[in-house]
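This document starts with one chain, in the form predicted alone, laid out as structure tokens.
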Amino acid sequence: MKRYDVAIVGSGPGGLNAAITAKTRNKDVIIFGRQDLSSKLVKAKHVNNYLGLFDMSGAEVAERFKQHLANMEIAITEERVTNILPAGSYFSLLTKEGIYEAKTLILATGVNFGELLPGEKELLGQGVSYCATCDAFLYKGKSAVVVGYTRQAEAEAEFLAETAEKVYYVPMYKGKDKDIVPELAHGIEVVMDKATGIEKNEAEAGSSAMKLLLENGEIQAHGIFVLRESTAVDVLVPGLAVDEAGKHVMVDRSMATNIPGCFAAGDLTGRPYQYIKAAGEGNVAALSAVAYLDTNK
């Protein structure tokens, strides 16, 4: 398996600048993100505080970023990273498509403003999962619930239903999609309610039996899949030090975290949430990752 020098998770200004800086230092880089780079950036009406890119829309700035990436021959890997495991001298990054390895890691995922469901973190790996296509085989002939925070979760629910005996789908959409009742295949039962928590179903035989609590009831199943656009960073990387609120990663001036070889940049490290601050931190994080690699050859 190929082992990259630097893996970057996040395609906002912090992650992109980290990728460019590491590439100019002749490091083998892989960056995970989206082709539109960042929904927050694309939706911005005006960007006026980014040096040299003034009086431009977020979409126009994003297009300039894409041109820079193309010029540097940096491609974005559109795979959602579901788990990152420190493995001594390298990191294993898990996606539903496969496993990647890298000697250093830079986190630039932005801030996850969504709150975890009560019981979600405690029961992760004990009946709670973040990837239906990864773990569907575990529920062959069993029941499962998919809690979907984006429309993309519908496809994973349908994939799961090809294996599981019974699948429930709870849409947790906001904005224009919040009242849409999804039309799903394979007999998936759509439950238009709000998930409020997760518990072990002590009354059900089997240690993997779970209970999804709703505002107006509950659903009992063998497994629960919580599918968001992003995962809380301390869940994504076990052992990562975060602040009391659990939103920001603790870093030093070199953007190093408490895990050797792991760095962070951008909104993830705290306020102010501004593009130019994120890009600067991405640059520092990449330089620190390069220095770490050179020191630990």
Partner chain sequence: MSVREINEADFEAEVVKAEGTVLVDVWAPWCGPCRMLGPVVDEVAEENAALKVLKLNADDSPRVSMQFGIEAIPTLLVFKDGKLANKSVGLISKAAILDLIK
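These numbers were taken from a predicted model, which means no experiment stands behind them. Residue numbers count along the first chain shown, from 1. For the two forms, the rigid core is made up of the largest set of C-alpha atoms that agree within 1.5 Å on superposition.
There is another form of the same protein, the form predicted in complex with its partner chain; it is not shown, and what comes next is about it.
Taken together, 84, 135 and 138 are fully in contact with its partner chain in the predicted bound form: each brings a heavy atom within 4.5 Å. In the predicted bound form, its partner chain lies farther than 4.5 Å from every heavy atom of residue 150. Using a 4.5 angstroms threshold between heavy atoms, residue 118 stays clear of its partner chain in the predicted bound form. Its partner chain is not drawn, but in the predicted bound form it has a heavy atom within 4.5 Å of residue 125. Its partner chain is not drawn, but in the predicted bound form it has a heavy atom within 4.5 Å of residue 200. With its partner chain left out of view, the stretch that reaches within 4.5 Å of it through heavy atoms in the predicted bound form is, among 102-110, 191-199, 88-96, 166-174, 88-96. Residues are counted as partner-facing when one of their heavy atoms sits within 4.5 Å of its partner chain in the predicted bound form; in 150-183 not one qualifies. Fitting the two forms on the rigid core leaves the C-alpha of residue 159 displaced by at least 2 angstroms between this form and the one not shown. With the core held fixed, residue 74 shows a CA shift below 2 Å between this form and the one not shown. After superposing the rigid core, the Cα of residue 106 is displaced by less than 2 Å between this form and the one not shown.
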